[in-house]
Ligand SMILES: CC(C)(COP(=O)(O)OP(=O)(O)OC[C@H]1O[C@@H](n2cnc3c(N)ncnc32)[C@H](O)[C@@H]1OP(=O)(O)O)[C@@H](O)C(=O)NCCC(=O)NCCS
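One chain comes next, on its own, written out as C-alpha coordinates in the form predicted alone.
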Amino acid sequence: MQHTDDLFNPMHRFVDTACLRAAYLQYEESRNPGAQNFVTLPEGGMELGIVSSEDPRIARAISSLLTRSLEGARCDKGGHLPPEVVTRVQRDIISPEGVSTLWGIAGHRFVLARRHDVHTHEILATILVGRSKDTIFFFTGRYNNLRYSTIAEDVDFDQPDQDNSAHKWFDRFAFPSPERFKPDRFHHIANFVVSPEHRSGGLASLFLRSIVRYYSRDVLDSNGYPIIHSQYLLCGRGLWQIGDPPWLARMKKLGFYRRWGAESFFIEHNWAPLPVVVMQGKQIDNVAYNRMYDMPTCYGIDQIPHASNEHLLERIPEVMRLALDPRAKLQYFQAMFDFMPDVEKGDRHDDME
(Lines give C-alpha, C1' and ligand atoms only; values in the text may rest on other atoms or scores of the structure.)
Protein backbone atom coordinates (compact mmCIF):
# COMPACT_ATOMS: atom_id res chain seq x y z
CA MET A 1 0.00 0.00 0.00
CA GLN A 2 1.29 3.48 -0.84
CA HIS A 3 2.48 5.51 2.13
CA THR A 4 -0.18 8.08 2.98
CA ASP A 5 2.26 11.00 3.36
CA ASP A 6 3.27 10.68 -0.29
CA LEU A 7 -0.35 11.25 -1.33
CA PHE A 8 -0.19 14.85 -0.10
CA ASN A 9 2.02 15.63 -3.09
CA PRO A 10 -0.20 17.73 -5.42
CA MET A 11 1.79 16.58 -8.46
CA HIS A 12 0.00 13.23 -8.36
CA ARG A 13 -3.01 14.87 -10.02
CA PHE A 14 -1.03 14.93 -13.27
CA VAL A 15 -1.18 11.66 -15.20
CA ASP A 16 0.23 10.50 -18.49
CA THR A 17 -2.31 11.11 -21.25
CA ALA A 18 -1.78 7.62 -22.66
CA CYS A 19 -2.49 6.18 -19.21
CA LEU A 20 -5.73 8.16 -18.91
CA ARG A 21 -6.86 7.20 -22.41
CA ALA A 22 -6.24 3.52 -21.61
CA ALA A 23 -8.21 3.83 -18.35
CA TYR A 24 -11.45 5.07 -19.93
CA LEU A 25 -13.97 2.23 -19.94
CA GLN A 26 -16.08 1.11 -22.89
CA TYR A 27 -19.47 -0.56 -22.49
CA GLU A 28 -19.83 -3.60 -24.69
CA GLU A 29 -23.56 -3.06 -25.17
CA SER A 30 -23.32 0.69 -25.78
CA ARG A 31 -25.94 2.24 -28.03
CA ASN A 32 -23.08 3.99 -29.85
CA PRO A 33 -20.23 1.44 -29.80
CA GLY A 34 -18.20 3.29 -32.41
CA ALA A 35 -17.94 6.52 -30.39
CA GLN A 36 -14.94 7.51 -28.32
CA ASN A 37 -15.01 6.29 -24.72
CA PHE A 38 -15.07 9.71 -23.08
CA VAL A 39 -16.79 13.05 -23.64
CA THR A 40 -14.94 16.13 -24.87
CA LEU A 41 -16.64 19.11 -23.25
CA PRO A 42 -16.97 22.46 -24.99
CA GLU A 43 -15.75 24.27 -21.88
CA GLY A 44 -12.02 24.93 -21.90
CA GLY A 45 -10.88 21.73 -23.55
CA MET A 46 -11.98 19.59 -20.63
CA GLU A 47 -13.04 15.97 -20.90
CA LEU A 48 -15.26 13.70 -18.85
CA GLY A 49 -15.29 9.95 -18.57
CA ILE A 50 -15.63 6.80 -16.47
CA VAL A 51 -12.23 5.30 -15.70
CA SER A 52 -10.98 2.03 -14.35
CA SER A 53 -9.09 2.61 -11.12
CA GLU A 54 -7.20 -0.69 -11.49
CA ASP A 55 -4.26 1.18 -13.02
CA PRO A 56 -2.10 2.17 -10.00
CA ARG A 57 -1.30 5.58 -11.51
CA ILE A 58 -5.00 6.43 -11.89
CA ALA A 59 -5.73 5.11 -8.40
CA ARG A 60 -2.90 7.20 -6.97
CA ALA A 61 -4.10 10.38 -8.69
CA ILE A 62 -7.65 9.91 -7.41
CA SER A 63 -6.47 8.93 -3.93
CA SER A 64 -4.25 12.01 -3.75
CA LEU A 65 -7.18 14.32 -4.61
CA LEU A 66 -9.33 12.67 -1.95
CA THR A 67 -6.58 12.55 0.68
CA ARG A 68 -5.63 16.19 0.32
CA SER A 69 -9.26 17.29 0.33
CA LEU A 70 -10.17 15.32 3.45
CA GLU A 71 -7.26 16.81 5.38
CA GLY A 72 -9.24 20.06 5.67
CA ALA A 73 -11.96 18.21 7.61
CA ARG A 74 -9.70 17.66 10.62
CA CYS A 75 -11.01 19.53 13.66
CA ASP A 76 -7.47 20.68 14.51
CA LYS A 77 -7.40 22.36 11.09
CA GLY A 78 -10.78 24.05 11.28
CA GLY A 79 -12.90 21.08 10.26
CA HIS A 80 -15.38 18.86 12.09
CA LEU A 81 -13.76 15.40 12.29
CA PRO A 82 -11.31 14.06 14.89
CA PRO A 83 -7.81 13.66 13.38
CA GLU A 84 -7.82 9.93 14.10
CA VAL A 85 -11.01 9.50 12.04
CA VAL A 86 -9.50 11.40 9.10
CA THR A 87 -6.33 9.32 9.29
CA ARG A 88 -8.31 6.05 9.36
CA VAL A 89 -10.35 7.05 6.28
CA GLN A 90 -7.22 8.15 4.43
CA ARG A 91 -5.50 4.89 5.27
CA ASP A 92 -8.34 2.37 4.83
CA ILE A 93 -10.93 3.87 2.46
CA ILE A 94 -9.37 6.41 0.10
CA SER A 95 -5.85 5.01 -0.19
CA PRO A 96 -4.90 3.87 -3.71
CA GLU A 97 -5.76 0.32 -2.68
CA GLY A 98 -9.10 1.44 -1.25
CA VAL A 99 -9.94 3.42 -4.39
CA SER A 100 -9.27 0.30 -6.48
CA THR A 101 -10.84 -2.41 -4.35
CA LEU A 102 -13.43 -1.01 -1.92
CA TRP A 103 -16.45 1.00 -3.12
CA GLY A 104 -14.99 1.39 -6.59
CA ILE A 105 -15.87 -2.19 -7.51
CA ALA A 106 -19.57 -1.25 -7.23
CA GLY A 107 -19.40 2.23 -8.76
CA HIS A 108 -18.58 4.24 -11.86
CA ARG A 109 -15.49 6.35 -11.18
CA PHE A 110 -16.00 9.59 -13.13
CA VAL A 111 -13.14 12.02 -13.64
CA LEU A 112 -13.01 15.52 -15.07
CA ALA A 113 -9.65 16.17 -16.74
CA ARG A 114 -7.87 18.78 -18.85
CA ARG A 115 -4.78 18.58 -21.01
CA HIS A 116 -1.73 20.01 -19.21
CA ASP A 117 0.90 19.55 -21.91
CA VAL A 118 1.54 17.37 -24.94
CA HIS A 119 2.03 14.24 -22.82
CA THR A 120 0.05 14.94 -19.64
CA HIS A 121 -3.50 15.48 -18.38
CA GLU A 122 -4.52 17.01 -15.06
CA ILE A 123 -7.28 15.34 -13.04
CA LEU A 124 -9.49 18.22 -11.90
CA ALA A 125 -12.31 16.41 -10.10
CA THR A 126 -13.71 12.99 -9.33
CA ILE A 127 -16.93 11.37 -8.13
CA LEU A 128 -18.00 7.76 -7.58
CA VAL A 129 -21.55 6.93 -8.74
CA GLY A 130 -23.20 3.60 -7.95
CA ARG A 131 -23.48 1.38 -11.02
CA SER A 132 -26.78 -0.02 -9.82
CA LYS A 133 -29.66 1.97 -8.36
CA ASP A 134 -29.73 -0.75 -5.70
CA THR A 135 -26.22 -0.14 -4.34
CA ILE A 136 -25.41 1.41 -0.95
CA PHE A 137 -21.65 1.97 -0.71
CA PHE A 138 -21.49 1.93 3.10
CA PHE A 139 -23.70 1.32 6.11
CA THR A 140 -21.95 2.29 9.35
CA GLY A 141 -18.35 1.09 9.37
CA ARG A 142 -19.19 -2.60 9.07
CA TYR A 143 -20.85 -2.99 5.68
CA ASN A 144 -19.79 -2.01 2.17
CA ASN A 145 -21.52 -2.39 -1.21
CA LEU A 146 -24.88 -3.53 0.12
CA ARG A 147 -27.93 -4.09 -2.03
CA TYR A 148 -30.80 -1.93 -0.81
CA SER A 149 -33.33 -4.53 -1.88
CA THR A 150 -31.85 -7.10 0.53
CA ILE A 151 -30.51 -4.88 3.33
CA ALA A 152 -32.91 -6.30 5.95
CA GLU A 153 -31.62 -9.81 5.24
CA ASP A 154 -27.94 -8.98 4.70
CA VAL A 155 -27.38 -6.84 7.80
CA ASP A 156 -27.34 -8.43 11.25
CA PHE A 157 -29.05 -5.75 13.33
CA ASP A 158 -28.68 -7.86 16.49
CA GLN A 159 -24.92 -8.32 16.27
CA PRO A 160 -22.99 -7.60 19.49
CA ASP A 161 -21.02 -4.42 19.92
CA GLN A 162 -17.33 -4.69 19.11
CA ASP A 163 -16.25 -3.27 22.49
CA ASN A 164 -18.98 -4.58 24.77
CA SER A 165 -20.68 -7.81 23.72
CA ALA A 166 -23.47 -7.25 26.26
CA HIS A 167 -24.84 -4.53 23.97
CA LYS A 168 -25.73 -4.28 20.29
CA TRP A 169 -23.52 -2.53 17.75
CA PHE A 170 -26.46 -0.73 16.17
CA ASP A 171 -27.49 0.79 19.50
CA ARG A 172 -24.71 3.29 18.80
CA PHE A 173 -26.78 4.82 15.98
CA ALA A 174 -30.21 6.24 15.17
CA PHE A 175 -31.11 6.21 11.48
CA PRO A 176 -34.11 5.61 9.21
CA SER A 177 -35.61 2.14 9.08
CA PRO A 178 -33.83 -0.21 6.65
CA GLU A 179 -36.94 -0.35 4.47
CA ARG A 180 -36.83 3.42 3.89
CA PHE A 181 -33.12 4.08 4.35
CA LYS A 182 -32.42 4.76 0.68
CA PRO A 183 -34.61 6.68 -1.79
CA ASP A 184 -35.92 4.41 -4.49
CA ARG A 185 -34.00 4.21 -7.80
CA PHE A 186 -31.38 6.83 -6.94
CA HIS A 187 -27.65 6.26 -7.54
CA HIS A 188 -25.52 6.50 -4.40
CA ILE A 189 -22.55 8.88 -4.76
CA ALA A 190 -19.32 9.20 -2.77
CA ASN A 191 -15.86 10.77 -3.07
CA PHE A 192 -17.14 13.94 -4.78
CA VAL A 193 -14.05 16.15 -4.80
CA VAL A 194 -12.61 19.01 -6.84
CA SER A 195 -8.85 19.49 -6.70
CA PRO A 196 -7.87 22.05 -4.01
CA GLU A 197 -6.02 23.97 -6.73
CA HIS A 198 -9.27 24.62 -8.61
CA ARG A 199 -11.86 25.39 -5.97
CA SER A 200 -14.27 28.31 -6.43
CA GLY A 201 -14.02 28.03 -10.20
CA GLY A 202 -17.39 26.45 -10.84
CA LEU A 203 -15.90 23.07 -11.72
CA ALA A 204 -18.11 21.13 -9.30
CA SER A 205 -21.24 22.47 -10.96
CA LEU A 206 -19.86 21.87 -14.46
CA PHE A 207 -18.82 18.34 -13.52
CA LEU A 208 -22.25 17.48 -12.12
CA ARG A 209 -24.21 19.10 -14.97
CA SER A 210 -22.11 17.32 -17.55
CA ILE A 211 -22.61 13.90 -15.97
CA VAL A 212 -26.37 14.46 -16.03
CA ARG A 213 -26.33 15.84 -19.59
CA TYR A 214 -24.24 13.09 -21.16
CA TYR A 215 -24.82 10.04 -18.94
CA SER A 216 -28.43 10.14 -17.66
CA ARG A 217 -30.45 7.90 -19.93
CA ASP A 218 -33.73 9.65 -19.10
CA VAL A 219 -32.25 13.06 -19.91
CA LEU A 220 -30.81 11.80 -23.18
CA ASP A 221 -33.98 10.02 -24.27
CA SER A 222 -36.45 12.68 -23.18
CA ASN A 223 -34.58 15.45 -24.96
CA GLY A 224 -33.58 13.47 -28.03
CA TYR A 225 -29.91 14.12 -27.38
CA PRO A 226 -27.44 11.93 -29.29
CA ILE A 227 -25.25 9.58 -27.27
CA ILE A 228 -21.75 10.76 -28.12
CA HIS A 229 -19.71 8.21 -26.13
CA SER A 230 -19.50 4.44 -25.79
CA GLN A 231 -19.59 4.27 -22.00
CA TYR A 232 -22.24 3.21 -19.50
CA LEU A 233 -25.36 5.27 -18.89
CA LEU A 234 -27.11 6.00 -15.59
CA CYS A 235 -30.68 4.74 -15.57
CA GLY A 236 -31.89 5.94 -12.18
CA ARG A 237 -33.98 8.93 -11.14
CA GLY A 238 -31.08 10.92 -9.73
CA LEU A 239 -28.14 11.02 -7.32
CA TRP A 240 -28.23 10.37 -3.57
CA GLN A 241 -25.65 11.28 -0.94
CA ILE A 242 -25.10 10.31 2.68
CA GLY A 243 -23.02 13.28 3.77
CA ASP A 244 -21.21 14.79 6.72
CA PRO A 245 -23.07 17.79 8.22
CA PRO A 246 -20.88 20.58 6.76
CA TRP A 247 -21.34 19.32 3.22
CA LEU A 248 -25.07 20.00 2.96
CA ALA A 249 -24.67 23.73 2.34
CA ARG A 250 -22.20 23.02 -0.47
CA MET A 251 -24.42 20.38 -2.05
CA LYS A 252 -27.45 22.69 -1.99
CA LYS A 253 -25.50 25.18 -4.10
CA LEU A 254 -25.12 22.44 -6.71
CA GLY A 255 -28.85 21.69 -6.82
CA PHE A 256 -29.12 18.93 -4.21
CA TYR A 257 -31.87 19.11 -1.58
CA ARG A 258 -32.21 17.70 1.90
CA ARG A 259 -34.15 14.47 2.23
CA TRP A 260 -36.38 15.44 5.14
CA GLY A 261 -36.39 13.13 8.16
CA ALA A 262 -33.46 11.02 6.94
CA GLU A 263 -30.72 12.28 9.28
CA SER A 264 -28.55 9.79 11.19
CA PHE A 265 -27.20 10.34 14.70
CA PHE A 266 -24.51 8.86 16.90
CA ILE A 267 -25.99 7.87 20.26
CA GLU A 268 -23.81 8.10 23.35
CA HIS A 269 -24.02 5.49 26.10
CA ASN A 270 -21.99 5.02 29.31
CA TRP A 271 -20.64 1.86 27.62
CA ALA A 272 -19.99 3.74 24.36
CA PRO A 273 -18.87 7.35 24.99
CA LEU A 274 -18.49 9.65 21.99
CA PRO A 275 -15.26 11.53 21.32
CA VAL A 276 -15.20 15.07 22.64
CA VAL A 277 -16.01 17.57 19.89
CA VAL A 278 -13.37 20.30 19.63
CA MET A 279 -13.81 22.93 16.93
CA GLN A 280 -11.50 25.92 16.54
CA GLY A 281 -9.92 25.03 19.85
CA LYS A 282 -13.20 25.07 21.75
CA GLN A 283 -15.05 22.07 23.16
CA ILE A 284 -18.76 21.97 22.33
CA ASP A 285 -21.54 19.63 23.40
CA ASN A 286 -23.68 17.55 21.08
CA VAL A 287 -26.70 19.85 21.11
CA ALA A 288 -24.51 22.84 20.22
CA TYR A 289 -22.92 20.79 17.45
CA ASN A 290 -26.35 19.87 16.06
CA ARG A 291 -27.41 23.52 16.12
CA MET A 292 -24.36 24.46 14.06
CA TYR A 293 -25.99 22.54 11.22
CA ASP A 294 -29.53 23.94 11.61
CA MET A 295 -30.90 21.10 13.70
CA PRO A 296 -33.76 21.20 14.52
CA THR A 297 -34.55 24.69 13.12
CA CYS A 298 -34.42 23.32 9.54
CA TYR A 299 -37.84 21.80 10.33
CA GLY A 300 -39.47 25.01 11.49
CA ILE A 301 -43.05 25.79 10.47
CA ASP A 302 -41.78 28.27 7.86
CA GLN A 303 -39.74 25.60 6.05
CA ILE A 304 -41.06 23.79 2.97
CA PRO A 305 -39.53 20.55 1.65
CA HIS A 306 -38.45 20.14 -1.95
CA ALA A 307 -41.10 18.33 -3.97
CA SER A 308 -40.37 14.62 -3.65
CA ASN A 309 -42.11 11.41 -2.70
CA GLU A 310 -38.96 10.18 -0.93
CA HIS A 311 -39.01 12.37 2.20
CA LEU A 312 -39.47 10.66 5.57
CA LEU A 313 -41.96 13.16 6.96
CA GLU A 314 -43.25 10.78 9.60
CA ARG A 315 -39.74 10.60 11.15
CA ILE A 316 -39.29 14.36 11.57
CA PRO A 317 -40.60 14.50 15.18
CA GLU A 318 -38.06 11.84 16.14
CA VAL A 319 -35.26 13.73 14.36
CA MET A 320 -36.19 16.94 16.17
CA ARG A 321 -36.18 15.11 19.50
CA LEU A 322 -32.75 13.64 18.79
CA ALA A 323 -31.36 17.03 17.76
CA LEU A 324 -32.09 18.32 21.28
CA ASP A 325 -30.90 15.18 23.11
CA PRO A 326 -27.50 15.74 24.81
CA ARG A 327 -26.63 12.12 24.02
CA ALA A 328 -27.23 12.41 20.26
CA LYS A 329 -24.75 13.90 17.79
CA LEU A 330 -25.66 14.50 14.15
CA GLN A 331 -23.78 11.99 12.00
CA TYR A 332 -25.12 12.29 8.45
CA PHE A 333 -27.74 14.08 6.41
CA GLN A 334 -29.14 12.67 3.18
CA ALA A 335 -29.32 14.78 0.02
CA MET A 336 -30.85 14.10 -3.38
CA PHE A 337 -30.50 15.44 -6.90
CA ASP A 338 -33.19 14.74 -9.52
CA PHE A 339 -32.05 14.07 -13.07
CA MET A 340 -35.41 15.28 -14.37
CA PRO A 341 -37.10 17.37 -11.66
CA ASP A 342 -40.02 18.46 -13.85
CA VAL A 343 -41.32 15.05 -14.89
CA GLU A 344 -43.30 12.44 -13.04
CA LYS A 345 -40.99 10.61 -10.64
CA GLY A 346 -41.03 7.14 -12.13
CA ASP A 347 -38.60 4.69 -13.66
CA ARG A 348 -39.11 3.55 -17.19
CA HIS A 349 -36.11 1.24 -17.22
CA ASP A 350 -35.16 -1.90 -15.34
CA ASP A 351 -31.45 -1.41 -14.68
CA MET A 352 -28.31 0.28 -15.92
CA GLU A 353 -27.00 0.53 -19.44
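Owing to the predicted nature of the structure, the values given are computational and were not obtained by experimental measurement. The numbering used is simple: start at 1 and walk along the sequence shown.
The following text describes the form predicted in complex with this ligand, which does not appear among the structures shown.
Annotated contact segment (heavy atom within 4.5 Å of this ligand in the predicted complex): 242-250, selected among 169-177, 90-98, 151-159, 242-250.
Interface residue remark: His198 is counted as part of the site for this ligand in the predicted complex, having a heavy atom within 4.5 Å.
Although the partner is absent here, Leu233 sits far enough away that none of its heavy atoms falls within 4.5 Å of this ligand in the predicted complex.
Contact annotation for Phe192: at least one heavy atom lies within 4.5 Å of this ligand in the predicted complex. This ligand in the predicted complex is not approached by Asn286, whose heavy atoms all lie more than 4.5 angstroms from it. Distance criterion of 4.5 Å from any heavy atom to this ligand in the predicted complex singles out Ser205 from the list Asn144, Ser222, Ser205, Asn164. Here is the short version: of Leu254, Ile105, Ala272, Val85, the single residue with a heavy atom within 4.5 Å of this ligand in the predicted complex is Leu254.
Of the residues in 58-94, only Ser69 comes within 4.5 Å of this ligand in the predicted complex through at least one heavy atom.
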